[in-house]
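The chain below stands alone, shown as structure tokens; this is the form predicted alone.
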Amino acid sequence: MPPPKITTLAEMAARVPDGASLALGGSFLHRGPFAFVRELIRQRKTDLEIIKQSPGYDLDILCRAGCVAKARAGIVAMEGNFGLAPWYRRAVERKQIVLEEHACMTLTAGLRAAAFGVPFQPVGGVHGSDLPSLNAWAAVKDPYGSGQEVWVIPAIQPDIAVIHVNDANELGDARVYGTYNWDRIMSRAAKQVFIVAETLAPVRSFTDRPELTLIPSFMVQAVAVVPHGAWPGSCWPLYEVDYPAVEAYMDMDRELSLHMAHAPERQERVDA
């Protein structure tokens, strides 16, 4: 049997070099690897590239802490309750980060190209948009003679995909209950995959129900078990969004250190 891949959150974040490109799983305030993101801030990581179709809190807090050099993203928001992501927006407006703006489908197409091992992926739905010209995307003619042109998105291969899951085992198999958003294609496109899990489950529970495995162990380099690691977001069906905590985070006059100090993984470290 392969050796266990269990590590601590701090050790996992330490494996991320400055300047790395990270694909972060989940969507908006739901099942994002937020404890991992906060650990990157604690370790003062810099010049990171963040890749995500629908980031919010994760990209925003990394921009707030000065960890980001570039973002490849579609919609970026804190959802309807809170509107836009203010520190991300400020970083873009002040040109503190480079933004490669995408639609969710174009970023997905780039990840698919990397997963499939091809240099680009066709995509529909961007005709009439400024995105192709902003990003210098190419168009190719249909080789089968229809006369139509289609935009093609260059491959996007993250250095590491970091996915927050409900359960993982010591070998690295991981499963998600409910919607897995773009996590599957992120895990197939990236050079490495890190898993942050709510619970460490027996290997037997995966072999008994293999159809529930979203990310198989052979793709995974490391697993950290962090209960409530998606806080202040949700992880269905375990817990919902902590809206008061998000509201407190959004207070522009409140120090980031106060928010960080209330994170569940920080409390566990202090209690230990």
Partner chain sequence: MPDHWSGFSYLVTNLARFIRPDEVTFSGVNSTPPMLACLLAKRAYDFDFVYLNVAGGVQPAPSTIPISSSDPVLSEGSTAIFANEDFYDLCTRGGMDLCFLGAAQVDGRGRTNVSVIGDWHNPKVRLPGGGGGAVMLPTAQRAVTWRTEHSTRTLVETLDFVTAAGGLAGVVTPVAVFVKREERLALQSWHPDASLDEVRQRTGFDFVATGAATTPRPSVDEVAALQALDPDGQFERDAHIALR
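These numbers were taken from a predicted model, which means no experiment stands behind them. Residue numbers count along the first chain shown, from 1.
The same protein also exists as the form predicted in complex with its partner chain; that form is not shown, yet it is the one meant from here on.
At a distance threshold of 4.5 angstroms between non-hydrogen atoms, Ala201 is out of contact with its partner chain in the predicted complex. Using a 4.5 Å cutoff between non-hydrogen atoms, Thr207 counts as a contact of its partner chain in the predicted complex. Its partner chain is not drawn, but in the predicted complex it has no heavy atom within 4.5 Å of Gln96. At least one heavy atom of Ser217 is located within 4.5 Å of its partner chain in the predicted complex. Exactly one listed residue, out of Ile185, Ile160, Ile156, Ala197, brings a non-hydrogen atom to within 4.5 Å of its partner chain in the predicted complex: Ile185.
For the stretch 144-182, the set of residues having any non-hydrogen atom within 4.5 angstroms of its partner chain in the predicted complex comprises Asn169, Leu171, Asp173, Gly178, Thr179, Tyr180, Asn181, Trp182, in sequence order.
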